[in-house]
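Quick setup: one chain, the form predicted alone, written in structure tokens, and binding and motion questions come after.
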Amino acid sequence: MTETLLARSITVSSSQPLLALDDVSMAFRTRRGLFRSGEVTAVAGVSLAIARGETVALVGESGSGKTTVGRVSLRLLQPTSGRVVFDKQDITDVPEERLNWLRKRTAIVFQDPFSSLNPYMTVADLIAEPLVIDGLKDAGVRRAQVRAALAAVDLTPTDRFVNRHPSSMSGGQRQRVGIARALIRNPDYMVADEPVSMVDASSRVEILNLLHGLQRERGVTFLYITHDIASARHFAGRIAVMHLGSIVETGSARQVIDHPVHPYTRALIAAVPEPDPANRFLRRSTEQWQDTPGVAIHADCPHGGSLTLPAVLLEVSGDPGHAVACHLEPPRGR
């Protein structure tokens, strides 16, 4: 019990955060044959807090539960257990029809700019759709706001884009349209779900710089979901590493990248392409991990074969704000 409370105290700030996930778990029902069903746990006991104006990166492999956490934080999914608190209001069990206020204050940028935009709608209609849903009937005001959103994402001159369809645009331009649509309501909190994974390399830096600039100018709070821990270092102030539905390490970007403690975090960093082999301090892949839900065991751990209890986040000794999942005792810092 003491360890669980310690884990929560590390991830949930003492000051009132804009968003707080408290011991959130999410399970999905699956079909197993014609008459049988089962349950898959995508997220297991995640606690995470994001301060107003902060950017937190959620890093991990595909299938680690990152996107599920993002959707739970927006209440697009209702968690199986745990609490979701947004701006001091518990939204865990609030019915969808009573969440209109939340929809106006939150937004999401989807991973795929090709499938997330209706190909039969013009750019102007795509971006203005949230305003139509909100009941803004003045077409002139909508057009002005659409042009302002296009200018904010550097799709200028705006006259060149308002009447175009997504099929006539590049992947980077489509993703900018998706960002403009997310910004049209001027949200307080935004989930960026792998926003650069499906655009060309030349557009990735531009889009990340664009999001970073919007965060500075507008004070938007970001949850940046990515499998690329290198981009997380440059975009986020704080990083939480996920594996098999649980957070296994969290801290500032500097702490997690420069002084990783958890073997899984080290494996992710080692997977980043490095021209100089001498700089790759860990030459192991993430395939060494045992795929046991809720159990973070690595082949190098001397107790690996005998541990069956879930690991809990414990603060790294001598490194305040840096926490890692451990079975036995608080790990030591540098």
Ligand SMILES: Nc1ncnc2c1ncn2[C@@H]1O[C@H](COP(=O)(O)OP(=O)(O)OP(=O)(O)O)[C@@H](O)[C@H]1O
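Every value quoted in this text rests on a predicted model; they were computed, and no experiment measured them. Numbers follow the displayed sequence, beginning with 1.
Here the subject shifts to the form predicted in complex with the ligand, a form of this protein not shown in this document.
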| property | result |
| --- | --- |
| Position in contact with the ligand when the complex is considered in the predicted bound form, options Q111, Q145, Q215, T106, heavy atoms within 4.5 Å | Q111 |
| 4.5 angstroms heavy atom contact with the ligand in the predicted bound form for T67 | yes |
| 4.5 angstroms heavy atom contact with the ligand in the predicted bound form for S62 | yes |
| Partner proximity in the predicted bound form: L48 to the ligand, non-hydrogen atom cutoff 4.5 Å | no |
| Contact test in the predicted bound form: E194 vs the ligand, heavy atoms, 4.5 Å | yes |
